[in-house]
Each structure stands twice: as C-alpha cells, then as structure tokens.
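The chain below stands alone and is given as structure tokens, in the form predicted on its own.
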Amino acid sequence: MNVHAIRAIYHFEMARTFRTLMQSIASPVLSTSLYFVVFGAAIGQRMGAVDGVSYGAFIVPGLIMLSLLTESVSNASLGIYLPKWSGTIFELLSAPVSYVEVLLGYVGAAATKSVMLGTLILVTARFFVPYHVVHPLWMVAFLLLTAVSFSMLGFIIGLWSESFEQLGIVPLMVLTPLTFLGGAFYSIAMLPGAWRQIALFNPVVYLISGFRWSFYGVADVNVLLSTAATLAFFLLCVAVVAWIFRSGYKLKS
C-alpha cells in the first residue's frame, strides 16, 4: 500500500476545499440554516408532532442527509473530473499507484468534507430547533457510511462525465428529487397506501429512515434493512469503480 500517494491525493483535495471555504462549507451550511428557519422554526411551530417528535426536530436528520448526499457526490465527482479535464489524469495513471490508492485518496477526502459539513449542520441546527440523539454510535456509523458510499458514487460520476454539465445531471435530476421524495420532510407512513409502497423503491428512503432512527428511535423501515441497503450500495459502487479501472472505461480515451 503506497501510503505516501494516498496522503498526497488526500492533502491536495483537502487543500482545495480550504481554498474555497465559502463555497465548500459556508454556502451549504447557510442554505440548510434557511431550511431550519422556514420549515423548522416558522412552519414547524404550526404543525403537530410526527411519530411523537416535533416537526422541527423531525426534519433535522433529513436535512443533514440532503446536504450530505449532495456534497459527497459533488466533492468526489469534481475532484476526479478536474484531472481528466486538465489531462493530468494520465500522469496519475502512469504513476506506480493502484486504483485502490487513488480511490482511497479521492473518496477519503470527499467523505471527510461531507462529514465535516454534516457535523457543522448538526451543530447549527441546535440554534433553531431542540433535538436529541438516542443512538449516537449508530448516528456516526450512518453518517460515515453514507458519506463514503455517496462519495464513491460521485467518483463514478466524475469518471463517467465528459463535461462540467454532465457532472450536475445526476445530482440535480436524480439525487435531489429522490431525497425530497425519500422522507426528508415527512414520514412515508403519511402517504396513501399505494404511494407508500412505491416510496419503498426509493433507495434514499432507507438512508433517511436509518439516520432518523439513530436520532429518535423511530423509522419508516427496519434499521437493519436500512443498514443492509446502504452496505449493498457501497459494495456495488466498489465493484463499478474496480471495473472502470480494469477496463479503462472513460480513462484511456
């Protein structure tokens, strides 16, 4: 294992984050704070409890997950796409560095940024709504696993993309709608019967449900099923990345 290569990629990506601190960290935290003000403090005071939890507190896990998914994909996809765009990817591919080491460097940095962001949003939420965490270890586990899994997805999107426009297609057209429809602002138990069954095909439902369970002990689906679904998604991403590097898809052209 080439630890020096992993450290070099990781430090380079983290340095890029701190150079664009307002865009990378401050902007998502500010945007999420506005959600807390509008949905938590303003609208939440006029709504009843959901599963025994005040509405303002109920949406905290969903909003953290919304930012976590978006930023994980965005950070990882941009991190690997920029070397492709500039042509420096060929220097990386010709260096004595395996795809596992490249993956650890880029995905590790993207996941670190996302966990930092999620932690900041969690702290910021305390200023707007009261909440508690029933299962803190599970909360940390879901936070880390989700950040790593969707950083892997972002890495794949970055390898697949051929333009800056393509980088935004999946987050904007797929990921954001799935998150809003995945129970970020409501429980899927509130949906009519048929729509509730359809919602179960949305993979983001399992992420938000498991993460919310770690806060309040309430969930739309069983927490073990949520964990299994997230692990399965992570393993699928690992398999796709391994195939891309072995086949040279989108890398050798």
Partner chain sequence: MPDSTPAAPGEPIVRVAGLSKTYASGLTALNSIDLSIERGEIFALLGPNGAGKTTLINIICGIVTPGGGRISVAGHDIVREYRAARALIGLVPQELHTDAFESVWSTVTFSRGLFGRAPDARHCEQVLRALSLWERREAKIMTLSGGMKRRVLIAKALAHEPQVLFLDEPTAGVDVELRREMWDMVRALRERGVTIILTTHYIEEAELMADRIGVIHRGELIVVEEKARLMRKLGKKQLTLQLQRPLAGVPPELGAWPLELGDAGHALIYTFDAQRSDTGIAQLLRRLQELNIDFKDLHSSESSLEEIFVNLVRTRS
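Residue numbers count along the first chain shown, from 1. Quick caveat, the model's predicted, so the values are computed rather than measured.
Below, we refer to the form predicted in complex with the partner chain, which is not included among the displayed structures.
Checking 176-184, 94-102, 126-134, 70-78 against the partner chain in the predicted bound form, the stretch whose residues place heavy atoms within 4.5 Å of it is 94-102. Mapping the unseen interface onto this chain, residue 234 falls outside it, with no heavy atom inside 4.5 Å of the partner chain in the predicted bound form. The shortest heavy atom separation between residue 9 and the partner chain in the predicted bound form is within 4.5 Å. When contacts are judged by a 4.5 Å heavy atom cut-off, residue 164 does not count as touching the partner chain in the predicted bound form. Using a 4.5 angstroms heavy atom cutoff to the partner chain in the predicted bound form, all of 5, 19 and 88 count as contacting.
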